[in-house]
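Form predicted on its own, single chain, as structure tokens, below.
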Amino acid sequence: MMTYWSHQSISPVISAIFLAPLLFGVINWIKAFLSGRRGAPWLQPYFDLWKLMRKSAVYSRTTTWIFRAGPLVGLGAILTAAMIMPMGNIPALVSFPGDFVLFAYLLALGRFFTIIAALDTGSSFQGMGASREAYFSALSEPALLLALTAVARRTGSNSLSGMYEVLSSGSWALVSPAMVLVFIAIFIVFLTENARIPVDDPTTHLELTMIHEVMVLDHGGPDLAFINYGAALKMWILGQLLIGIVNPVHTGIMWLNQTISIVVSLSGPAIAVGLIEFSMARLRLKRVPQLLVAAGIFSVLALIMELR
């Protein structure tokens, strides 16, 4: 196992911890700007988290320890995944061969505890959202793993830090049709994992159409803050996963690499999500599996191209 403890390798984790909620603020500002509205301040997500942390949580007598453990385990899994995720050619805090498999399964672990916490309430609405989340994750996880396997084959490294270091240092020389397919597949997974349009609408309040939001209806106070903060962290690290493919930063100056990576990590996913949510509505539920199957097919095609 290879571990990095330098100030360069810790910067991806520090950036994720402090800047991840800002992603939601930038997305909301972009949507408001495109709609001709002023919108909420960029720092509104931080205010919301602080407000939730100052409240007390209310627990139903029908729930068990699983309901209380769900937000904590979910946040812990995402924080651990952030330690494995590099920022461009800046290595991750923890890196070892095959860490991309652990990365995918940490995301799955956080989702699993969110699902069972929703089922623990005994609510039919939350059970409905949990079943949808489990169904869609069963389609998105293979697409993510196969896409990362294709990147590993392309770069000759089976570590996320090694993959993105090769992609960055190789600039656009490594661009191929397979990498384009990988990007499309991971982008679909990105929207699915973060419950964004066209898969889910984070602003809806209709229980019959919600997926992620309906699973956390009974959470409040610090528990809901942990869930929302974990969602921001997940969007940040999956955004970095995308940015590492399309924006191979390698200036030779470490502080400049860090600055560019942070700016692109904030602006890239935020602009993409903002434009999508402004320009289209969510898909009908029966269309979402078709979208995820397409992502899986793109990943399989990319891997076949790299194995040739």
Partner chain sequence: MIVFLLSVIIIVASGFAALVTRRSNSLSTFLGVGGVCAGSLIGLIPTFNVLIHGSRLSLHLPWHFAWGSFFVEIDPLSSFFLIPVFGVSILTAVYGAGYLQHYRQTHLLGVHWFFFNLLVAGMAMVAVAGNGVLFLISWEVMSLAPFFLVTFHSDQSKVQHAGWVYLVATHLGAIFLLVFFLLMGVNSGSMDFDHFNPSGYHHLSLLFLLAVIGFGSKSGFIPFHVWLPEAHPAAPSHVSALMSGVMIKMGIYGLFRSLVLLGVPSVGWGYVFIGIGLISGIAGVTFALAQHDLKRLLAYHSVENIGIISIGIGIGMLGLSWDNPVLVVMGMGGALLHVLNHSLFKSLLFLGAGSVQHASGTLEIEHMGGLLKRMPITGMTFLVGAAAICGLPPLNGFISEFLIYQGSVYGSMFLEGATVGAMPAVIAGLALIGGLAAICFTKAFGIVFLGTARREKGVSVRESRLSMKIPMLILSALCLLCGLLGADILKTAAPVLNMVTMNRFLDAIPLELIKAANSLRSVTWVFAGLILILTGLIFFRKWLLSKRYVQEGVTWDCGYIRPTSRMQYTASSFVQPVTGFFRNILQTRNIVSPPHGLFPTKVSLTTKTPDVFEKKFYSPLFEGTKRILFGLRWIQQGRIQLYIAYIVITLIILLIWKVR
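This structure is a prediction, so every number in the text was calculated from the model and none was measured. Positions refer to the first chain, counted from 1.
The same protein has a further form, the form predicted in complex with the partner chain, not shown here; the description that follows concerns it.
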**Report entry** Stretch in contact in the predicted bound form with the partner chain, which is absent here, among 237 to 245, 62 to 70, 38 to 46, 271 to 279 (heavy atoms within 4.5 Å)
**Finding:** 62 to 70
Query raised in the report: Honest question, do Met53, Ser131 and Thr149 all end up within 4.5 Å of the partner chain in the predicted bound form by heavy atom distance?
Result: yes
**Report entry** Contact label in the predicted bound form: Asn228 to the partner chain, heavy atom within 4.5 Å
**Finding:** no
Query raised in the report: Just to confirm, Asn89 within 4.5 Å of the partner chain in the predicted bound form by heavy atoms?
Result: no
Query raised in the report: Is there a heavy atom of Val101 no more than 4.5 Å from a heavy atom of the partner chain in the predicted bound form?
Result: yes
Report task. Please check if Leu106 has a heavy atom lying within 4.5 Å of any heavy atom of the partner chain in the predicted bound form. Result -> yes
Report summary line: Students should find that, of Ile188, Ile115, Ala178, Ala195, the residue having a non-hydrogen atom no more than 4.5 angstroms from the partner chain in the predicted bound form is Ile115
Report task. For the heavy atom contacts within 4.5 Å of the partner chain in the predicted bound form, list the residues of 119 to 134 involved, in sequence order. Result -> Leu119, Asp120, Thr121, Gly122, Ser123, Ser124, Phe125, Gly127, Met128, Ala130, Ser131, Ala134
